[in-house]
Ligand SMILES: Cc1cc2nc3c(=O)[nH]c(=O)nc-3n(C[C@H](O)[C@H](O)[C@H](O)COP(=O)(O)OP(=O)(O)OC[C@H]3O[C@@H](n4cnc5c(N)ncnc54)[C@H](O)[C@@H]3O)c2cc1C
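Presented below, as structure tokens, is a lone chain in the form predicted alone.
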Amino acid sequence: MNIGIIGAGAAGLAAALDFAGQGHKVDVFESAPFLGGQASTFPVNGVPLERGYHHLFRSDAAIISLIEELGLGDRLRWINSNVGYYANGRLWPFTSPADLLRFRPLPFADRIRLGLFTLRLQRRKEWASLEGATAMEWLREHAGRNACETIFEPMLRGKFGRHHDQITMAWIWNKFALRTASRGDGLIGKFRERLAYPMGSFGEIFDVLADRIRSLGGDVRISSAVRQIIVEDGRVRGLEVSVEGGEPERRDYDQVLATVPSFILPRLVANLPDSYLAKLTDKVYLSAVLVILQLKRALSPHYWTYVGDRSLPFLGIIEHTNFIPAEHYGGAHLVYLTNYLERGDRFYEMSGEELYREYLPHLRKINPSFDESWVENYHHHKVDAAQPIVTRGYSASIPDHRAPVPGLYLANTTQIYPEDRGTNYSVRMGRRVAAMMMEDAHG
């Protein structure tokens, strides 16, 4: 077969590897000037760093298997995680049960209740019955009003903005299940989350993956925008694509896999049935907006800090160099200040300079010693369509991977549910859809 793939993120490249490995001719077209989509990198002191913070969980079997397959398994480093929570004007350690017992923003009885609730939710295997309830209403009933208002509501407001009270409880369940799967063994290990990072960056994984596809006879092109999915006689026939910025040209394909956001697909192919179109156009995405600080010294003692005080203008603080040492980046301490925003939000519209200036005064709340002289540089990145909004009954609105045009398939983050977006699930989905496409072709 001759396969065309739109998008060189984790799903598109993973699918392309399997097609090429089975002897099919495959071309991958990426409109951006880089590989990796949301896990793409840029240089900091000559070392690649992800535009958006990334790590792996112990349960991320699909991407860990791919990394091993590419011969990069020795690049993975497993490291103990470290979590903080900012509330009531100070930074609280929030990693262990002992930290929860000392978390004074909650009354003591509510700390005990929250700990027991967390254990029950971590052990829960079934999620389908949860998707009919919103996280807010379910948490208020089962974790208690104080825990909901102090912990969960600020986090949901920060993550989903005006949509915070519409999010299904199944999404929260997955977060707890994922954290549980990433804890170690033994009495101490079960309370300690271990995460992994590929020391060559996620960018190295995608570079090696693209090279492997090429070595198997496939092609991967960046700065190559697909203009149209060509449909003739009721089925897919090819793509119209501007390869590396050139004039649009037709490329013929037996099958096409689109890994674009749902709202993009109707722009590429006309006359989709209303029932399928509705499952594409009803999806709402938020954009990830990040300011990455290069500091002379550490801002906090934690890798991951949730900001529970919504008077601070960012959702989270991910201090990457409390995970991977600053020495790896030429001594720079790297801190992500992250938000998920709708296009049109005033913070989304701000320039990097404006957003940096907006955030700067609040860093002294995290560390009273902080001074702007610590800042050596900063970077500003926007990743559009980063976070789908998953509402009650979401599973009924997921579009099928098989689009209602023979030969056309869709694989994107709206179809990963109940898991959340992530490179692991994108790799898993890409390979599953590739298998589906090959099965359909031979069926």
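It should be emphasised that the depicted structure is a prediction, and the values quoted were computed from it without experimental measurement. Start at 1 and count along the sequence shown; that's the residue number.
Here the subject shifts to the form predicted together with the named molecule, a form of this protein not shown in this document.
Residue 226 within 4.5 Å of the named molecule in the model of the complex, heavy atoms: So residue 226 counts as contacting the named molecule.
4.5 Å heavy atom contact, residue 168 and the named molecule in the model of the complex: Contact check for residue 168: no, nothing within 4.5 Å of the named molecule in the model of the complex.
Distance check, residue 59 to the named molecule in the model of the complex, heavy atom within 4.5 Å: Output for residue 59 is no: heavy atoms all beyond 4.5 Å of the named molecule.
Contact of residue 10 with the named molecule in the model of the complex (heavy atom, 4.5 Å): Yes - in the model of the complex, heavy atoms of residue 10 and the named molecule come within 4.5 Å of each other.
Listed residue (70, 398, 44, 383) with a non-hydrogen atom within 4.5 angstroms of the named molecule in the model of the complex: By the 4.5 Å criterion, the partner-contacting residue is 383.
Option touching the named molecule, based on a heavy atom within 4.5 Å in the model of the complex, out of 264, 119, 284, 112: Comparing distances to the named molecule in the model of the complex, the residue within 4.5 Å is 264.
Interface segment, criterion being heavy atoms within 4.5 Å of the named molecule in the model of the complex, picked from 255 to 263, 212 to 220, 72 to 80, 346 to 354: This holds for exactly one stretch, 255 to 263.
Heavy atom contacts to the named molecule in the model of the complex at 4.5 Å, residues of 404 to 440 in sequence order: Stretch hits, in order: 413, 421, 422, 423, 424, 426.
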